[in-house]
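The same protein chain appears twice below, in two forms, each given on its own as structure tokens and labelled structure 1 and structure 2.
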Structure 1
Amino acid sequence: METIKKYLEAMFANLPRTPEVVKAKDELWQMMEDKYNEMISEGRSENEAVGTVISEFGNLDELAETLGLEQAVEESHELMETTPRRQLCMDEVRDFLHAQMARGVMLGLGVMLCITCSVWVIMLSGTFLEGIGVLLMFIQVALAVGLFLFSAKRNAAWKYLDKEPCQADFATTEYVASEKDRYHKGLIGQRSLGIILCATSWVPALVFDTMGLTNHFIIDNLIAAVLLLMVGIGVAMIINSSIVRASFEKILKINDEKTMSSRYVEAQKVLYENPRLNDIMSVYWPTVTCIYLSYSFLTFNWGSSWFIWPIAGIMHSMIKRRMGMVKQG
């Protein structure tokens, strides 16, 4: 039955998304299911039953008049001729997701190397190894730049996803949705831990100061180094989790919202009636993260800058309610 279901989804993928098409699809699915069960009850094999169902109900052009879909089928043919969409296969999407996971690690590591590059200078300052500290700092920056360039070169292979109209079939979108669910808790935990590390990077300084251990330059240098390491690791985790999450969403939102293919993973698509709100919400939380980190680094007021997050959460709810209602699929 799963084979028949996937075949049905492919048949209706490019049809306009209207109540009439949805109703016709449900009716055709019921006919296919009845025919399949009838043949199984007669003792036919599953492969034979599937083949017969597809041969009898698999031509939408012939069934268009019976289902009342003549106009919808004609419109889908015109759409495919005027704006053909590149069909993404399962292996192609799987390779893209793996590449984006590697990209998240490389970019996160590169940013961490940039943030923590001065640790060598801080820790070795005032010693005969200070020159080596400067050398290590430049080596670390060079490694970070190398990671950025290598990541950009690898990512260039997937530019067509942004430039060309593409489409993913039912099986592929189901796979991506299941992978997103599988990684969801891990990504949320990684992002949360990254934010916590950034928000609490001042704690070691407070602890050492409370213990009266900040009167020696070695301790002061150690505190500064720990702060940079915590922030670097935290930012790397935020970047990696954001890139991986965005890769899942890119594939899930790639289908044309005006066709039936947009129904493949309705639970993964959150749209707003106000089109401008879609653009705002797509960058809302990354923007909040940038504001939080920028304000915290500029003021070093980590003790109170965490208030940005609950305020951002309240504003998020207010914007959704005031500017547009959430709708599914």
Structure 2
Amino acid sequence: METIKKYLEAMFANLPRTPEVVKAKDELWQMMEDKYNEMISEGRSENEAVGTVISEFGNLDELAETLGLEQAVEESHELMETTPRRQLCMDEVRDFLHAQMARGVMLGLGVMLCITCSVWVIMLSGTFLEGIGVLLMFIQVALAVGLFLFSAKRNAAWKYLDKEPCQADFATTEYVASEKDRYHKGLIGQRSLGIILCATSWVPALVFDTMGLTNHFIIDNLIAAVLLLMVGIGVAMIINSSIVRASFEKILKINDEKTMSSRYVEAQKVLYENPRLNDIMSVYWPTVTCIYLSYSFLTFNWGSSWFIWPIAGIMHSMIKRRMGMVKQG
């Protein structure tokens, strides 16, 4: 059965994706499947059934004529010769997905290290270990920067996916789609947990405050530290889940949407009516991070500077809703 499916996929690979072509492929598949099933139920061998179905399929030229596609078929052959697409193989795509998962962990961890770097200073302030706190803070920031640089360097190996036209075959895109489904719930859960952690990070402070325990400096510091840790872990989870999800979508929309070559899934992409806003929004989160770090380092007001994250998140979704258009296939 798989062989027949692959055969049909290969036959249709370079035809334009029009409703007529999609329908023709579905109908032909129906007939082939019926014929195959009947031969199997008659007790023929798998090989015999596959052989018969394929030999009795006919040829696509006949179909191209009926569907008015002679020109399109010719053009697609020409296109294949003039601008060949880089063919991605299964192993390569699997490596890419694994690399992106590692990248998600590294970037998430890096951002978490940045957000929580002042925990040491807060916890050790007022003690004789204050100097060590500052040292640990810088070590943490250095580690984070190291992670950013390392993952950027490793990610550079995959730049060709953006720059060159690529193509992935049917089996590969099916594999990615099934992996995406498999991870779907986990990613949603991770993202939701991340958002909940960020949104509820002030709860410990409130609890201790109502209990009247907030005037002791150790408890105050502890509350601030817990808050930063919650925000840090939450943001790390959001970043990690977004990167992993984006990696699936990248492969799924790598094929030319105009041909039937394989599964094509248009990722939800936000576009802004104002082209300048598109540029601004593409550097939104790095800018926020930059503002956060500069403000915090300049004022050492780490206890409240984290507030920029929820505000930035709300602003982002507001801008998206007001001025953005979601482009969907």
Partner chain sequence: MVEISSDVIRGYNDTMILYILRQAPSYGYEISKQIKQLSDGKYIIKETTLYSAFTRMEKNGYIESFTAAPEADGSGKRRTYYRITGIGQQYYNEKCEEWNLTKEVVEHFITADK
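Start at 1 and count along the sequence of structure 1; that gives the residue numbers used here. Rigid core: the largest C-alpha set superposing within 1.5 Å between the two forms. Small disclaimer: the values here were computed from a predicted structure and weren't measured.
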(message) These are two forms of one chain. I'd like to know which is the form predicted in complex with the partner chain.
(response) 2
(request) Fit the two forms on their core, then tell me the C-alpha shift of Val53 between the two structures in angstrom. (result) 6.3
(request) On a rigid core superposition, how far has the CA of Leu63 moved between the two structures, in Å, if you could check? (result) 8.4
